[in-house]
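Just the one chain here, laid out as structure tokens, in the form predicted alone.
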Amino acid sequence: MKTQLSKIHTPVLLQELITHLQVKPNGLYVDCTAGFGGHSQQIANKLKSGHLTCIDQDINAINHLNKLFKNNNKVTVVKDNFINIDQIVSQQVDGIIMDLGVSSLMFDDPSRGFSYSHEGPLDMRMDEQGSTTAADIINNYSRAQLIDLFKKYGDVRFPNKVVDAIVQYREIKPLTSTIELANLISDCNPGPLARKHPAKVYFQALRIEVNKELDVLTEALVKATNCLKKGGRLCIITFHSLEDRIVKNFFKEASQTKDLYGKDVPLSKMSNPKFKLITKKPVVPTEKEMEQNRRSHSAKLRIIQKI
């Protein structure tokens, strides 16, 4: 890989996450999105007889993690999607972390196709063995499907103009490059409209669809909480409102008392919640971190504990 790891790999909310995870020297931990090991290395450094399982679906991350923890028998590296955490982890654990941001190295590697700022193929697969690329979606989804996609995952109120331009363009030739798509979106949004590039939300929507990110997160939340011991903590860092809303609502639901008989029965019997919210409001980066790492600006950390 052309980009040097040391220059750009900066784990977000590192100290805050490690503090809230409350790592025990003999504990069992899982990093569901280990990436290039920023959070994992800090956890591993605190272990004595404990163990850490690092999961990632990107082969570049796996290769780096294998080198990083080559001589560390306290760490196991697994190439997989964290939706399969229940199959990867054979016993309940003391802590699980998820950093849902896309790796800086993925964004900065033009060949991966995540960035609208670099020329590259319309790919966006976190797992390069995945069957569907962004080009497949752009060139094969119907007009109605694309409109729904950009509204739902990009929060674009009126994507019709961009979608019509895509449909017209692909009738002549398929859209295959990131700059090709970014320029087309820009042409539909002329003038100094906003602080961010107009293609940003469209690329976000495509990436989420390619990797089924929100579906994976929703299912993985249930599995991850089932994998926790009593007293175990689940710590999740999100980077946009769609995934943060899923985490927030799941944590809220899991930590509430519930009427076992339901609303339609005059009697009530309340169940005790199985989880406790550690963070009623999300932990956000300090001003200093945001100055040093611009990609931390939208990060939010939420924590729940099994009781």
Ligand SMILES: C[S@@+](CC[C@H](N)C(=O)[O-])C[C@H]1O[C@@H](n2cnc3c(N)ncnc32)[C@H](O)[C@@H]1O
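Numbers for residues come from their place in the sequence shown, where the first is 1. Everything quoted here is computed from the prediction, not taken from an experiment.
In what follows, reference is made to the form predicted together with the ligand, a form of this protein that is not presented.
Option from 271-279, 50-58, 247-255, 22-30 whose residues, in the predicted bound form, bring a heavy atom within 4.5 Å of the ligand: The contacting stretch is 50-58.
Just give me the single entry in 163, 126, 205, 235 that has a non-hydrogen atom within 4.5 angstroms of the ligand in the predicted bound form. The residue in contact is 126.
Would residue 81 count as touching the ligand in the predicted bound form under a 4.5 Å heavy atom rule? Yes.
Is there a heavy atom of residue 188 no more than 4.5 Å from a heavy atom of the ligand in the predicted bound form? No, residue 188 stays farther than 4.5 Å from the ligand in the predicted bound form.
Should residue 178 be counted as a contact of the ligand in the predicted bound form, where contact means heavy atoms within 4.5 Å? Flag for residue 178 set to no.
Residue-level question: is residue 101 within 4.5 Å of the ligand in the predicted bound form, judged on heavy atoms? Yes.
Pick out the residues of 14-50 whose heavy atoms come within 4.5 Å of the ligand in the predicted bound form. Sequence-ordered list: 32, 33, 34, 35, 36, 37, 38, 39.
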